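Here's a solo chain for you in structure tokens, the form predicted alone.
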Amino acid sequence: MTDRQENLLLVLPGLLLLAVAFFVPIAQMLVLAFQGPEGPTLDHFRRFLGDEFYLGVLWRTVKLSTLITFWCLIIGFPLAYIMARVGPRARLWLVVMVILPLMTSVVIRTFGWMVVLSRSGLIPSTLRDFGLVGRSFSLMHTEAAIVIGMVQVLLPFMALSILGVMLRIDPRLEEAARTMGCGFLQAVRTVVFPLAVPGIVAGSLLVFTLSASSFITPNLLGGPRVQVLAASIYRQVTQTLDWNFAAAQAVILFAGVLLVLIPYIRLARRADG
């Protein structure tokens, strides 16, 4: 038996598991999306694209996913920089603090945000005490609540993705830039940030795809007033039992994510040389 055949035998169980766990459900979803009473049809897609409500849900999903990715990057990049520049012991504790929320259920964390963001919660009460908002102000069932909750949930994925790349950046490059007259921010912008682009791209793709397909946090914090596409799919499956239309929405979500990610990846490759 040749080495190639041995490698194929080693990979085969994993490929079979991937086919059963991923490709078979995807194929079934595609069949349902194009299935009609009298054979293949595009009626489910026409229904979605011809309804302003569902188009608004799709736009809200893409918009919120973009905002969540942006804020995760704004917070995650400095956090990753700090973890990469401190000593090994301090870095270990910082990594533990970043990973620790992942050990708690997303449902529990989301219920915690529901308490904090509700009308009598900490944030609205503090804003009312300073006279910045009205008495009936509440962040619950708003897009802002979804962004806040999802950023807290997905921030570790962004920070750790950037950290993995930053640890391979030689600190002497930044020191050389400082020696040549760059300030701290200029050195970070011209040296560290370009070299960290692969981690930024990986973290952004991960955060965007997870936020676009997330259901629990947007459903609990946004409620029925602020629907995203994953929640709409869930309601079609569990309430109206329209599996074909739900599958069509899932295909549209998948295609929409690809339309956003492919140009982003190409731009990132050009920027990274």
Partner chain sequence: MVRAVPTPLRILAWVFVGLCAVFLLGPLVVVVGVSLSESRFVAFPPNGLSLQWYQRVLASDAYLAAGWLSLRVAVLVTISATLLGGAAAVAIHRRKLPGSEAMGAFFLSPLVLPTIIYAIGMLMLWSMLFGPVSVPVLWLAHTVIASPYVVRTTLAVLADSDPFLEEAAATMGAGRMQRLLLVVLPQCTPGLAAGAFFAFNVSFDEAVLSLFLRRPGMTTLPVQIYSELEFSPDPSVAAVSTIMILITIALILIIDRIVGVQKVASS
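Positions refer to the first chain, counted from 1. Here the rigid core means the biggest group of C-alpha atoms that line up within 1.5 Å when the two forms are laid on top of each other. Here the structure is a predicted model, which means the values were calculated and not measured.
What comes next is about the form predicted in complex with the partner chain, which is not displayed.
Open item on the list: Using a 4.5 angstroms cut-off on non-hydrogen atoms, would R91 count as touching the partner chain in the predicted complex?
Closed with: Close contact exists here: in the predicted complex, R91 approaches the partner chain to within 4.5 Å, heavy atoms only.
Open item on the list: At 4.5 Å between heavy atoms, is F130 in contact with the partner chain in the predicted complex?
Closed with: Contact check for F130: no, nothing within 4.5 Å of the partner chain in the predicted complex.
Open item on the list: Is R178 near the partner chain? Define near as a heavy atom within 4.5 Å, in the predicted complex.
Closed with: It does: once the partner chain is placed as it appears in the predicted complex, R178 has a heavy atom within 4.5 Å of it.
Open item on the list: Using a 4.5 angstroms cut-off on non-hydrogen atoms, would L55 count as touching the partner chain in the predicted complex?
Closed with: So L55 does not count as contacting the partner chain.
- [ ] Find the only residue in V197, L173, A144, I99 having a heavy atom within 4.5 Å of the partner chain in the predicted complex.
- [x] Looking at the other structure, the residue within range turns out to be I99.
TODO: Heavy atoms within 4.5 Å of the partner chain in the predicted complex is the criterion; list the residues of 147 to 171 that meet it.
DONE: Counting only heavy atoms within 4.5 Å of the partner chain in the predicted complex, the contacting residues of 147 to 171 are I148, V151, Q152, L155, P156, L160, G164, L167.
Task: Cα displacement of G131 between this form and the one not shown reaching 2 Å, rigid core superposed - done: The answer is no, as the C-alpha of G131 shifts between this form and the one not shown by less than 2 Å after core alignment.
TODO: Inspect the rigid-core superposition and answer whether the C-alpha of S120 shifts by 2 angstroms or more between this form and the one not shown.
DONE: It does not reach a 2 Å shift.
TODO: Kindly check if the Cα atom of G87 is displaced 2 angstroms or more between this form and the one not shown relative to the superposed rigid core.
DONE: Superposed on the core, G87 moves its C-alpha less than 2 Å between this form and the one not shown.
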